[in-house]
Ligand SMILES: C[S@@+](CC[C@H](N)C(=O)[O-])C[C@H]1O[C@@H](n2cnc3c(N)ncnc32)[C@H](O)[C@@H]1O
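One chain comes next, on its own, written out as structure tokens in the form predicted on its own.
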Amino acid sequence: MTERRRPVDRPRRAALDVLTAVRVDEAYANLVLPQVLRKHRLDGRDAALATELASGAIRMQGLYDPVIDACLTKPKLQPEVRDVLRLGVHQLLSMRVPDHAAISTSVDLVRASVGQGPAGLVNAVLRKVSRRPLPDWIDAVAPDRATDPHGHLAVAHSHPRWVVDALAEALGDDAELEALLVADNAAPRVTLAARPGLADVEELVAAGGTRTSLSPYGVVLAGGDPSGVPAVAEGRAGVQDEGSQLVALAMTDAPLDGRDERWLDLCAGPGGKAALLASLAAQRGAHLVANERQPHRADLVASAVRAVPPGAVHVLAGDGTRPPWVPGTFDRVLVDAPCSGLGALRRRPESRWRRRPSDVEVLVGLQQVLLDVALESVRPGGVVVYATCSPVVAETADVVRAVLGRRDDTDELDRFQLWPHREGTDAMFAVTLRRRGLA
């Protein structure tokens, strides 16, 4: 007689599918999640549950894995089983799921996805986890806070130690470090940008949004799928963090000398900033060249700017380090450089585990080249905005210092660093530079 098993909970099955895709295929959780939700036909509360389970388990694995390991009698664990345990631990320690429900659904999930063999282990581990609250587990598995404060915070708030060190350096001291790490682990708000001349902020407010405090084009959605907002579906508005909007506006609003007709977005993919720039260019009689090296990302840019009048924007698939245009072509240039992305950890839960310090070293060389190209591409009297979605000093202030240190034709006009724990945005960095005009 075969054992009769309970049906697997669909949101938990969907969450496990996301974890598997991130681990096996190196997928991005925020990109694979909508596909998985459609596959399992989840919406409303079920979709929200699957999203929280997947994002939380990935984001907090730096804490959950030591907790799991402390409950094992044998250190070796199948990756598929560890994924199920991460989902179970997240429910037990960070969600309002009753212990019995978190444990029983995890056992059902591992039976369905792996087999009967590890079911007893999952049951035993999660029962051990359930006997202590989260603060007690942190005390048990994290380094001592008094003797190793960064090591303690790295485990307690699930960040790699080197990332904690880099963020502390960017902040300048440790006073706000824990607040930043907490903010990194909070689910980001869904923020829209109304593209000027195409959509009005009030239209987005009427769709259930609230005006943002920093960008005049920003609206925060209270909930729901942003693709269901007509302006978003039609390309007249788009999902765009308020910090990203401010970077684009830093480029368009910077004072310059002379004409203001030719704009360049040097690294335009996936197109959020380009769409905002292009819509503003159309209003001001300017023309934007949106350049993106990778053809598939250039396609994303083209989709993002589809509602902008064609005469205002041209999408180009080209290598920004070897530009086809002649020097001094543009009046305004934005170089939103490829970076570690450590300023967007809220919305990219897997990125903290994929990046290594060596990645930053490689990126810094590219960032310097791109900033040099941007400065060569702008005419004397024109402006360049260099931006990264990273607060890491090596990718921000150090890049600017290195490039300006070998040039004598450029002045710094302004710079800003945004933070999720202060402004509620991604940790965007931007500096505005101006080529000196001809004597």
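Predicted model, so just to flag it, every value in this text is computed and none were measured. One rule holds for the numbers: they count along the sequence shown, beginning at 1.
Keep in mind the form predicted together with the ligand is missing from the figure; the text below concerns it.
Looking at Thr212, Thr105, Thr252, Asn291, which is the one with a non-hydrogen atom within 4.5 Å of the ligand in the predicted complex?
Exactly one listed residue reaches within 4.5 Å, namely Asn291.
Heavy atom within 4.5 Å of the ligand in the predicted complex: which of Gln116, Gln78, Ser227, Thr321 fits that? Just give me the one.
Exactly one residue meets the criterion: Thr321.
Looking at 129-137, 337-345, 281-289, 152-160, which stretch has residues with any non-hydrogen atom within 4.5 Å of the ligand in the predicted complex?
Residues of 337-345 come within 4.5 Å of the partner.
Can Gly271 be called a contact residue for the ligand in the predicted complex at 4.5 Å between heavy atoms?
Flag for Gly271 set to yes.
Considering non-hydrogen atoms and a 4.5 Å limit, does the ligand approach Leu371 in the predicted complex?
It does not: once the ligand is placed as it appears in the predicted complex, Leu371 has no heavy atom within 4.5 Å of it.
According to a 4.5 angstroms non-hydrogen atom cut-off, is Arg297 in contact with the ligand in the predicted complex?
Yes, Arg297 is a contact residue.
In the predicted complex, is there a heavy atom of the ligand that lies within 4.5 Å of any heavy atom of Ala183, even though the partner is absent here?
Although the ligand is absent here, Ala183 would stay clear of it in the predicted complex, with no heavy atoms inside 4.5 Å.
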